[in-house]
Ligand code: COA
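Single chain ahead, by itself, as structure tokens, in the form predicted alone.
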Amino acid sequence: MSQEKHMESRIKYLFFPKSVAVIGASRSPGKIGHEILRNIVEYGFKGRVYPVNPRADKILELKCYKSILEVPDEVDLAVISIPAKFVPAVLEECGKKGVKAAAIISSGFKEVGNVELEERIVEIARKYGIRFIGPNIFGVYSAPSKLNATFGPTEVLAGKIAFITQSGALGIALMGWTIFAGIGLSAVVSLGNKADVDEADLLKYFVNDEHTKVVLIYMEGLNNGRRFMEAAMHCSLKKPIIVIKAGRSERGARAVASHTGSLAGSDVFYDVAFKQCGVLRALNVEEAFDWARAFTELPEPKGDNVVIITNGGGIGVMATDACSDYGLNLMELPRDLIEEFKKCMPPFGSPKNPVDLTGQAAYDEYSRALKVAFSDDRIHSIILLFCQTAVVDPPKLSEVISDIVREYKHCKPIVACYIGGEECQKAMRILEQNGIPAYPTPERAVSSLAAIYRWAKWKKKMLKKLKGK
């Protein structure tokens, strides 16, 4: 194995270590070194855990060691949470111990102008072949190995989204938000100053990670744009990448520089680069996670034809406008399909696209219309809309819809939007639990389906181009 491949292979120990040492583990709740150790223990990590603190015998019933060199077994991952000035000496000890990867939580490096100290830890890590994230981070989370080595929330939901963030505080906040929103994550990586491992390294890892279906990145700046583009191009051919790129404005770019010491660069450059390598740029957190949820659940569309099924004309018009805005093709229904949809509605319904079942529509009307849409190969994607009415119990409707989607084996992309009260919120959660992305506005549902189309079309075009070479 080449030295480069060997160093790449060590990144897996950030996510699948057999043993973790927490250097700077604290006995005091509320201290970062305590909260990281507590999260590792309480989230259920199955490997060995070694607190390192020269002034403690036990923390959380675990035997403490004065130095990592005193740990009797091998250590795959070191989580370092100590004052910055002590990090080089501790990293040297990690190297002598044979540690393969590290998460350097400590702040006080390049982000405050201490460039020399940061260069020193890079030099030590390279000498011993240690791959590390940080410094100036909140940790790393890996769902499949039950590892929560962060000082963020404890009970993170497992899922298929890998979340990479350059901002620590925002990353912690979003971990908490995903729990509230019911969004599952396969991994969370805090990058901080990116002195060693960066987005390109992680894309090379996640492209082959069977637990990840989509990669979502909060980015402030890139150290090596060309390297990122190469990794992103390779990953995008297999898995979608969604980026929230901060610092779009001139003042935002200045704020980025003061935050992590990154050079934000020209926003036009990022836009062009992302489009070239298939990266989907989201303008905000809500949009990014909307898209990511759709990617984790939905198959790629087999064609461009989209059909809207609704019980309300107004919401159907809103979705139609959104399809126009996002470049989705609303299918012109042929006569035979119009006749089929007519059978699903009262005489005053509209069988054209949007297919308006009217406010009288209940479970049977939705069921029959969905079956028409799923069974006809000329229809490639479905947008299902529902406005709350007195004749339908929204959670029951969601159960009916879920049964039909399962019957057709999730063969086509379908996104949903329910508008109404508390019962609609419950109903959308039922859809999501059954692999159907649901949104509180038609625009968000359409935007998410459009993101899938954009990625699928880019991939098809790029594969054709590569095949022609």
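In this text, residue numbers run from 1 along the sequence as written. The structure displayed is predicted, hence computed values, not measured ones.
This next part talks about the form predicted in complex with ligand COA, which is not shown.
For G113, no non-hydrogen atom is located within 4.5 Å of ligand COA in the predicted complex, even though that partner is not displayed.
Although the partner is absent from this view, N53 contacts ligand COA in the predicted complex, with a non-hydrogen atom inside 4.5 angstroms.
Contact annotation: R444 falls outside 4.5 Å of ligand COA in the predicted complex, judged by heavy atom distances.
Shown alone here, R429 lies farther than 4.5 Å from ligand COA in the predicted complex, counting heavy atoms only. Note on the interface: of 126 to 134, 75 to 83, 291 to 299, 343 to 351, the segment with non-hydrogen atoms within 4.5 angstroms of ligand COA in the predicted complex is 75 to 83. Comment: ligand COA is not present in this chain, but in the predicted complex one of V90, A200, L370, M233 has a heavy atom within 4.5 Å of it, namely V90.
For the options F386, F206, F228, F151, the one in contact with ligand COA in the predicted complex, meaning a heavy atom within 4.5 Å, is F151. For the stretch 395 to 409, the set of residues having any non-hydrogen atom within 4.5 angstroms of ligand COA in the predicted complex is empty.
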